[in-house]
Structures are given as C-alpha cells and as structure tokens.
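One chain comes next, on its own, written as structure tokens: the form predicted on its own.
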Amino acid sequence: MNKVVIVTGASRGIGRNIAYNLALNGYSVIANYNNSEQEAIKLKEELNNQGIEIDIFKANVSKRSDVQRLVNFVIEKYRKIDVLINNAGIAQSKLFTDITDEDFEQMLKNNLYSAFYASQEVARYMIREHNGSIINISSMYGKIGASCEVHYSISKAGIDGMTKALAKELGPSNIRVNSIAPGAIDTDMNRFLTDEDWKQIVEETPLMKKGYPIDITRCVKWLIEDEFTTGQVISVDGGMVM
C-alpha cells in the first residue's frame, strides 16, 4: 500500500502544493481544510482529471475533537498513517501593544495547538506501528522573531521546540519529527506585500530571489523518504537565516 499522508491546511498555498505533488508522486493523500471548501474541491477535481484520487476532509484542527474525527476517518479507511504534515496556520501583522487576548489565543490555537493535537493523536498509531514521520511547517521567524508579528513568532518558536522534544521522545519508536522553516514564500498569506516589499526582501536574500511553495514541497518529499534525520529545524529561505 502507498504511504498514507495527512496534510493539514491543504486547500491553499504551501499546503496545497504539498498535497498536490505528493498525490502526483503516488502517495495516498488526505487534504484537510476548514474554511476554503471550494479551493479543496478544486484541488480534488484537478487531480481527479489526471486520474488521481485524493481525500479532502473538513476539520478545524485547532479543536481536538475535529482532529480526532480526521484521524479516525484515515484509520478507518487506510488502517494506518505514515506521515503527518502540520501545515495549517494563520498570520497577522500587528503592533505588540495592540495584540489582544483574542488575537494571541487564536494565533496559538491555529498554529501551535493544532500541531500539538494532530501530532498527539497520530503518534498513538505511529507508535503502535513503530514507524512514522511528522513534519511541521514552521517559519524563519520561529528562529529570529519578527517585528509586529510577536504572537506569530511565539507560535512558530513553540512548534520548533515541540519538534525537538518530540523527536527525542518518539525516536525509539522509529518516528522522525522535523520542522521546515520557510523564508519569504510567494503565497496568498503574503499577498499584502507590495512589489517594493518583495524587491527589498530579494535584495536581503543571499540567493537574490523569493521562494515558492514548490521549494517547501521538495524538502517535505526528502524528509518523507529520508530515514536518518530527526529533530531538525531546516531553513528553506534562500540563505536569509544562517
């Protein structure tokens, strides 16, 4: 049987690119979405037109009960989970003194709690099978922080801390846990950036170019196939963070 992969937040941006390309490469993909139903349906239809099946599943992964529904669906259908890709998340630019309790809570729930819940629920099955890979999509700001994105930076730093701790705990069960820290990637989440913003970002990037979702997908594919890398926070950012 093909490897079974759950991708959270898979209807747009990086998550969509990951789900699409893994499906093209023969993986059995479950693409999770919450609000972007039409985008998820388009993803499924686009792959179906190429003769490729993919599951789409609506779940708010910031809620444990929804995560449990998602995991139960996958186990009932496939009897296993080989890979979990924690990609779901939100971003917000706001002065630190203007961040409300609700802003902070929503950021942690969507970015950090979701990864915690999904990893915990999936790990129960991976431990039983003595095999698995958990890949967290973090951010370079989890490493260096971002002005006017304090709560976002906190959530991503938390993901990186969880990655390292979980890698140590699950390693004896042959479960690898890694984090990918993207730099400036051209996605919907960064649509607020102007041409001038991108020009400045490119000038500050050693490779002198911006990133695209496929750059993250290539790293994901490698981490799925690799068998001796765990506990790492891998920068895919054109050299922005060294």
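The numbering used is simple: start at 1 and walk along the sequence shown. A quick note: this is a predicted structure, and the numbers were derived from the prediction, not measured.
From this point on, the text means the form predicted in complex with a small molecule, which you will not see here.
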| property | result |
| --- | --- |
| 4.5 angstroms heavy atom contact with the small molecule in the model of the complex for I90 | yes |
| Contact test in the model of the complex: I137 vs the small molecule, heavy atoms, 4.5 Å | yes |
| In the model of the complex, M189 touching the small molecule (heavy atom, 4.5 Å) | yes |
| is_contact(S153, the small molecule) in the model of the complex, heavy atom dist at most 4.5 Å | no |
| Non-hydrogen atom within 4.5 Å of the small molecule in the model of the complex for each of L24, S28 and V83 | no |
| Stretch from 42 to 50, 170 to 178, 59 to 67, 202 to 210 whose residues place a heavy atom within 4.5 Å of the small molecule in the model of the complex | 59 to 67 |
